[in-house]
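First, one chain by itself in structure tokens, the form predicted alone.
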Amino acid sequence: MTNLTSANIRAWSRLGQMGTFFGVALLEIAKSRDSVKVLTADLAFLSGLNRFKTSYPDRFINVGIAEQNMIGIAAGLAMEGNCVFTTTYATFITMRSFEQIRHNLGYHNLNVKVIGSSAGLAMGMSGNTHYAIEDLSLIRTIPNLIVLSPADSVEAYMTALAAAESDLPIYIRLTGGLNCPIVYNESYDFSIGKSIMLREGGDVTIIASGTMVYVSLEAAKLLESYGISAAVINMHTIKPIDKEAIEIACKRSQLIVTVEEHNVVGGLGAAVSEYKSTLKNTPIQLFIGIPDTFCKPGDYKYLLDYYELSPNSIAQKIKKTMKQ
């Protein structure tokens, strides 16, 4: 494992989650694991896979724009004892290849890591064909499949290492673009299925994933100025959800808030609510995410502001709900 120096953290932040995952972590994993294979659907350059392609040409396959075939090839390689990482844009690898992921990976419980890049609103300039705001709604319904969504570039690196250690099928949702905001400034324990409390608070618990973890931390700072104490949990594993963390949050808080760069239907908020509904006497839940609509095209930052996923918008929504 590479030492998490301040220089590394800053460099990885500039690369973004995708650049760090494919350009740094996978190269490190491949050095000690001959069984690692990487497949892409004609997205080597845009994913940051050029270094891997050059270093391990015999372990890299570009299948072309054939996402469904890619999952089939990955399944075959996994059946031969390989640890397979397969990737393209999140919208195509989940929606176009859903049947193949369900039948080939979930049903057979194969060692394939499905990496959905540029999830959420990151591909906003390309319009609705390239948005991935329904991927969690689909993918977390598949039995045996683990679902991960790292908070920043450091956690994208940690996620890659953890995925390589697992023999299970995993969907990894990479969000944001270049210059990904930094959440982690030092090493920490990353464990699949175990969320991380990043900030303590007694009034509200904000449960977030992906890029929205940093945004939620900033929103919590604003809430403090309003006299509202907000805890922030990084729920990097959406399946299996950390039930213990949800139980503790419900006991300590007057309000549970879920924040995600995903449709409010079927994503992190739904996963938290599904378990929360089995508990007694729980606080209400505020769902913050992308409304159930087709999004307009636009610049990434503009879209985050437009769909009220900025720290100020989130803080104002929580403040209003607390008053009610």
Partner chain sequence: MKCELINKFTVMAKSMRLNALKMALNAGNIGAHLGGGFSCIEIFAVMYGGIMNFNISDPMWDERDRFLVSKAHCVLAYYTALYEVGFISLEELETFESNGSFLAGHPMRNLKYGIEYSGGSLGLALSVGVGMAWDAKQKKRKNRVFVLLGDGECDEGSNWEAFMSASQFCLDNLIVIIDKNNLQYDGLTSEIMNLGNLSQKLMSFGWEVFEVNGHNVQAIYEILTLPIQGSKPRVIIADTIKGKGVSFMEGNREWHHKTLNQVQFETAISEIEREIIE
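Numbering follows the first chain given and starts at 1. Because the structure is a prediction, the values reported are computed rather than measured.
The same protein has a further form, the form predicted in complex with its partner chain, not shown here; the description that follows concerns it.
- Listed residues Glu244, Glu186, Glu80, Glu165 were compared with its partner chain in the predicted bound form; Glu80 is the one with a heavy atom within 4.5 Å.
- A heavy atom within 4.5 Å of its partner chain in the predicted bound form is found for exactly one of Ile228, Ile196, Cys250, Ala75: Ala75.
- Proximity to its partner chain in the predicted bound form holds for none of Glu218, Leu223 and Gln254, with the criterion being a heavy atom within 4.5 Å.
- Put simply, Cys295 is far from its partner chain in the predicted bound form: not one heavy atom of it is within 4.5 Å.
- Put simply, Leu43 is far from its partner chain in the predicted bound form: not one heavy atom of it is within 4.5 Å.
- Remark: Lys37 counts among the residues lining its partner chain in the predicted bound form, judged by a heavy atom distance of 4.5 Å or less.
- Shown alone here, Gln100 lies within 4.5 Å of its partner chain in the predicted bound form, counting heavy atoms only.
- Residues with any non-hydrogen atom within 4.5 angstroms of its partner chain in the predicted bound form fall in just one of 233 to 241, 175 to 183, 152 to 160, 107 to 115: 107 to 115.
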